[in-house]
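Just the one chain here, laid out as structure tokens, in the form predicted on its own.
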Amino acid sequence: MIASSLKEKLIFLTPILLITVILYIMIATSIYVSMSDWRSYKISLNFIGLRNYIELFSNPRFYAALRNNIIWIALFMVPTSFLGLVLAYIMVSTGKELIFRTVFLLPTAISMTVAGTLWVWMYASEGAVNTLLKAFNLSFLTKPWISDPSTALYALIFVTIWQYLGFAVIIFEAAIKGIDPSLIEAAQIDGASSLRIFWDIVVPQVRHGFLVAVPLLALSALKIFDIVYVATRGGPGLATDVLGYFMWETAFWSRFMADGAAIATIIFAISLGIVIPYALIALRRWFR
């Protein structure tokens, strides 16, 4: 019996341990490569310390990409979380969950590459967005959305909000359904409005939903690459450049593998800065 139980545990634990070991080996390898002199097609792993990082921190493009990533995280994470909660509340309170799921989950099912191609067409000078604005006599608002440095970044951020909104809705739908129905029923008997119920009961009770959604959305914005690659290639200028695209171009286009690994290591460090506080809060919540 004991041998059978041990065998079952090994069946499940072995793949997990194997993947974990491979993952940490790859992380360690990437960190070492970032401290090497590999800057050509030919592999070279001579240790040069922090020289690549020093050069990276003196590169203006790095700060432009980092700035765009920070803006992307803030303007993507906050609206997506809040709209996801509002729409989830409307879904549950109206009972129209099937319709809402279909509408908001459809973009989530589309790959970011396909979504980027679709929105490049929609943002074109004669694309759907400008055509609709002209149809509503708002021609003064038309512009080349992703060709204008002042709007390109925000246009791409909107695409990611559109695509990830369904993800946030599902998380908050599950959180709202976990609220004790008697709390809402008591508030309704007392004559509380839907808005009052939302702010005073729903929002405080779904904090664990934010605990899940916010870090995942922040990480998604931090590692954004495909929409930038498809739509703008970081342009115009450096208006939409992000760390993920900067890393790809440095490592796989310029063949400066060590510099690309340094950027990847910095992305990894920022990710830890997002994940570790989330993990600590989650552990306190689960084990208190």
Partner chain sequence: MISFKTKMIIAYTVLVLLTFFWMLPFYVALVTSLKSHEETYTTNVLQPPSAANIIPWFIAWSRVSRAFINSILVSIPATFLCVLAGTLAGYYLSRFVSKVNRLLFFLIAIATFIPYQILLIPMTMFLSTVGIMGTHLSFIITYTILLSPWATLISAAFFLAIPKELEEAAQIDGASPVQSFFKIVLPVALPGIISTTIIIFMSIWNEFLFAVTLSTSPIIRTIQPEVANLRGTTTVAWNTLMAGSLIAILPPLVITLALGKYFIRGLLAGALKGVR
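Since this is a predicted model, take the numbers as computed values, not measurements. Residue numbers count along the first chain shown, from 1. Only the largest set of C-alpha atoms that superpose within 1.5 Å between the two forms is called the rigid core.
Although not depicted, the form predicted in complex with its partner chain is the subject of the following passage.
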{"query": "In the predicted bound form, the residue from 78, 71, 138, 174 that sits within 4.5 Å of its partner chain by heavy atoms", "finding": "174"}
{"query": "Whether 161, 192 and 282 all lie within 4.5 angstroms of its partner chain in the predicted bound form by heavy atom", "finding": "yes"}
{"query": "Non-hydrogen atom contact residue 251 with its partner chain in the predicted bound form at 4.5 angstroms", "finding": "yes"}
{"query": "Close approach of residue 234 to its partner chain in the predicted bound form, 4.5 Å, heavy atom", "finding": "no"}
{"query": "Distance check, residue 150 to its partner chain in the predicted bound form, heavy atom within 4.5 Å", "finding": "no"}
{"query": "In the predicted bound form, residue 225 touching its partner chain (heavy atom, 4.5 Å)", "finding": "yes"}
{"query": "Stretch 237-273: residues contacting its partner chain in the predicted bound form, 4.5 Å heavy atom cut-off", "finding": "244, 247, 248, 251, 252, 257, 260, 261, 264, 265, 267, 268, 271, 272"}
{"query": "Core superposition between the shown form and the other one, C-alpha change of residue 14 at least 2 Å", "finding": "yes"}
{"query": "Large Cα move at residue 276 between the shown form and the other one, threshold 2 Å, rigid core", "finding": "yes"}
